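Listed next as structure tokens is one chain, alone, in the form predicted on its own.
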């Protein structure tokens, strides 16, 4: 999973529109990640085709997205993978110092 996809899914703990996702990702990454509109909407379209997210509401020219059950399984598996990665990084980092 790309970092962009990871942060988009992580932002969908509640339904959000594209700009809301952009601002949330920027906030939780302490400004390190600033998603461009082309990046986010391209990724949202792919995620929607893959059944990871769905449209929650479409009103006032804003499409609001929510995560699907399949998306929740995907982000949970990715979080577990990252925990293992983090644990191994901490375990072996001293070998490179």
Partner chain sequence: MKSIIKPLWSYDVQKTEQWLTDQAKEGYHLKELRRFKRRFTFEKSLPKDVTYRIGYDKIKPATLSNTMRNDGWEKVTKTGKWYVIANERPEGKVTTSTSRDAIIKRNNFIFYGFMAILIYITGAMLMNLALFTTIYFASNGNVERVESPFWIITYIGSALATAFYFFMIYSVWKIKRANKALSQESQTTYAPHHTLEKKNLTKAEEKQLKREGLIIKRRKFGWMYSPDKLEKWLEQQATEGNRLHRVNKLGTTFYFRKGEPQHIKYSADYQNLSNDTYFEIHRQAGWKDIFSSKGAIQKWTIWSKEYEEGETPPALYSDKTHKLKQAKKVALSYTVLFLPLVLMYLFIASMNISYMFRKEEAWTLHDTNTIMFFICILVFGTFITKTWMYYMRLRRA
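Positions refer to the first chain, counted from 1. Rigid core (definition): largest C-alpha set, two forms, superposition within 1.5 Å. Only a predicted model underlies this, so the values are computations on that prediction, with no experimental measurement involved.
Below, we turn to the form predicted together with the partner chain, even though it does not appear here.
Participant: Assess the spot marked by 22, 49 and 55: is the partner chain within 4.5 Å of a heavy atom from every one of these residues in the predicted complex?
Facilitator: Per the other structure, all of 22, 49 and 55 touch the partner chain.
Participant: Indicate whether residue 32 is a 4.5 Å heavy atom neighbour of the partner chain in the predicted complex.
Facilitator: No, residue 32 stays farther than 4.5 Å from the partner chain in the predicted complex.
Participant: Even though the partner chain is not shown here, does residue 26 get within 4.5 Å of it in the predicted complex, heavy atoms only?
Facilitator: Judged by the heavy-atom cut-off of 4.5 Å, residue 26 is well away from the partner chain in the predicted complex.
Participant: Determine the residues of 1 to 38 with a heavy atom within 4.5 Å of the partner chain in the predicted complex and present them in sequence order; the list may be empty.
Facilitator: If the 4.5 Å heavy-atom criterion is applied to the partner chain in the predicted complex, 1 to 38 yields 4, 15, 17, 18, 19, 22, 34, 35, 36, 37, 38.
Participant: When you overlay the rigid core, is the Cα of residue 61 off by 2 Å or more between this form and the one not shown?
Facilitator: Residue 61: C-alpha displaced by 2 Å or more between this form and the one not shown.
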